[in-house]
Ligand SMILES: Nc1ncnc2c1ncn2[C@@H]1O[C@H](COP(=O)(O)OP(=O)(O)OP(=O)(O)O)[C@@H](O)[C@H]1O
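Take a look at this single chain, the form predicted alone, given in structure tokens.
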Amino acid sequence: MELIEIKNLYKNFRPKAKPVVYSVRNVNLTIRRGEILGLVGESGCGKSTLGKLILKLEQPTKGSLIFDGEDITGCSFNEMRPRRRRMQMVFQGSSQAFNPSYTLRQILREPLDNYYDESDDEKEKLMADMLRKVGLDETYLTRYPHEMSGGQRQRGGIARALILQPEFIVCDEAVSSVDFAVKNKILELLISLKNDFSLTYLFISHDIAAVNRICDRTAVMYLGNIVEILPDINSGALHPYTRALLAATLPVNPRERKDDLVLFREDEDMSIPERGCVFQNRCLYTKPLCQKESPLFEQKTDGHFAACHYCDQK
């Protein structure tokens, strides 16, 4: 059953620009209840914007957002307020995600004060319990963000997202600011918390290895467009852009790395073509049809969707 449904979603930050450029462009996507959906793509392709649109932290230009069967597209700030506790976000960059003048107690206490009527003692217990669940202890409540490591701040960010017991969490580059050892612990924590709290995640990441480890399905984004959805990232990419992303992933063993990989045309511009395939300027397989008609985003095999005229021929 779908928890999130996104239909024909667009976002343009400069409505008077000519031609109109959308940071999110005609996105159709579902997120099933209880799954972890990965979202990958280059920096600036619109991944974080899509995550914020789903949570109504940004307002869509057009299209619709459905959360648990309810259309929330037109909900005002006040109308969204009671729904906020059901959907939260772990923000990108643990060093910028907190108010530097707040202790972790103040950071966790703020959402509790906004939504709960419990006593101060009960709120203290809730915060201490949540910190233990994310691998910290209550002594961290008195610490400021600069007094914690990147991994500790990230755990604090996860605790803040979970403190209201939401159903859906957008994890925006949740492991980008930590080293390899801490990254594995954070991924294990996210999986454990998902099972404990029956959570649904949108897991936004540049890290293909992290996506491969924890995600049930993976959506691939290029210049605001979803170009492929894979039921398993190892199931064999069909779109040339997805193939390029996977080819760019460095093997763990340095001896297996290659310097002569040809992924896509690097000297072409990144602007969105006025018509045709969004990837045509950089694709190694572009043909006249790609420049004339936008490919349909359609199911190629069971649960595997792609938008490419010739993906079956590569």
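Since the model is a prediction, treat every value here as computed from it, not as a measurement. Numbers for residues come from their place in the sequence shown, where the first is 1.
Below, we turn to the form predicted together with the named molecule, even though it does not appear here.
- With the named molecule left out of view, the stretch that reaches within 4.5 Å of it through heavy atoms in the predicted bound form is, among 279-287, 241-249, 37-45, 65-73, 37-45.
- Contact annotation for H206: at least one heavy atom lies within 4.5 Å of the named molecule in the predicted bound form.
- Shown alone here, T200 lies farther than 4.5 Å from the named molecule in the predicted bound form, counting heavy atoms only.
- Although the partner is absent here, Q88 is not a contact residue: none of its heavy atoms lies within 4.5 angstroms of the named molecule in the predicted bound form.
- At a distance threshold of 4.5 angstroms between non-hydrogen atoms, N225 is out of contact with the named molecule in the predicted bound form.
- If you take 1-33 and check each residue for a heavy atom within 4.5 Å of the named molecule in the predicted bound form, you get F13, S23, in sequence order.
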